[in-house]
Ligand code: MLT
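A single chain comes next, written as structure tokens; it is the form predicted on its own.
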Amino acid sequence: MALRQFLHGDVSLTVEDCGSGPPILLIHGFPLDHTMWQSQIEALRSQFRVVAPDLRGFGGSRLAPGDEDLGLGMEHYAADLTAMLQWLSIGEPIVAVGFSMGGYVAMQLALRWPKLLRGLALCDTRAAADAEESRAARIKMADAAMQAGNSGPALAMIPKLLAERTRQERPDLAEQVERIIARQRAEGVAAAQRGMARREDVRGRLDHIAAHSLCIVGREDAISPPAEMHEMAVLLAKRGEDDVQLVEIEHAGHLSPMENPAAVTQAIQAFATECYRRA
């Protein structure tokens, strides 16, 4: 591991920066940290420079005062990453991979800082905003985490994160995911949930994304199912460029990078290689 600390205003961000070659940015989901990508980091570092940050409030990264009360918009996480890339002296357009909430952040990168990206891989994520019921559930979890003083309320997500077969046949993986969630802080959970609850619906703006794109989804994903991600791929392709590929990952639910890491890694590796070949 090559963990580095980046000071950005009032925020301290932790990032794993390893390998050499063209850069790949791996953006984790909620309520996790960069270690969810460990299999991809180990496999990709021989060909790419792999940059895997802990988003503000998760893992080794800290919040700014008041973030947990105000909530963090996805654009705020994206702005942190643009500053981090500059600090790392990465000046060339990169390939960004965003999982779930990390996908929301990656889409903001692509829409707000289009010159930063040559490739955008969206993994088990959504372009639509939350329905009212989902917004209320997010606020409820944020309040519950702050009241408990820990991330315990987020553990209820595990049955949705992992496919039923994964939970039954691979209890060790379920325990690993539980450990990652359990070590997150209440403030990070609250800031993210309150921010996601008010995120925008970007379906009508996907055709504005100029970067080459890929969609990856677990075949048994109950949170962002394949049909919804197929719709995203179609909307991304409307910009008139080449078709956007959708890769369905077998034997995986929402947390496909951990449930079937080899298949997800292969999809990312092939996509990034093609993006840099075109440059």
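Keep in mind that what you see is a predicted model, and the values were worked out from it rather than measured. The numbering used is simple: start at 1 and walk along the sequence shown.
What follows is about the form predicted together with ligand MLT, which we do not show.
In the model of the complex, do S100, R138 and I223 all reach within 4.5 Å of ligand MLT through at least one heavy atom apiece?
So, yes: the whole triplet contacts ligand MLT.
Is H254 one of the residues lying within 4.5 Å of ligand MLT in the model of the complex, judged by heavy atom distances?
Contact with ligand MLT, yes.
Whether L161 contacts ligand MLT in the model of the complex should be assessed with a 4.5 Å heavy atom distance threshold; does it?
Yes, L161 lies within 4.5 Å of ligand MLT in the model of the complex.
When the contact criterion is heavy atoms within 4.5 Å, does L111 count as touching ligand MLT in the model of the complex?
Contact check for L111: no, nothing within 4.5 Å of ligand MLT in the model of the complex.
Heavy atoms within 4.5 Å of ligand MLT in the model of the complex: does M157 have any?
M157: contacts ligand MLT in the model of the complex.
Only one of 167-175, 101-109, 201-209, 81-89 has heavy atoms within 4.5 Å of ligand MLT in the model of the complex; I'd like to know which.
Result for this chain: 101-109.
Looking at M196, A127, V95, I180 here, can you tell me which has any non-hydrogen atom within 4.5 angstroms of ligand MLT in the model of the complex?
Spelling it out, the residue with a heavy atom inside the cut-off is M196.
Which pick from G29, P53, G57, G218 sits with a heavy atom within 4.5 Å of ligand MLT in the model of the complex?
Checking each option against ligand MLT in the model of the complex, the one that comes within 4.5 Å is G29.
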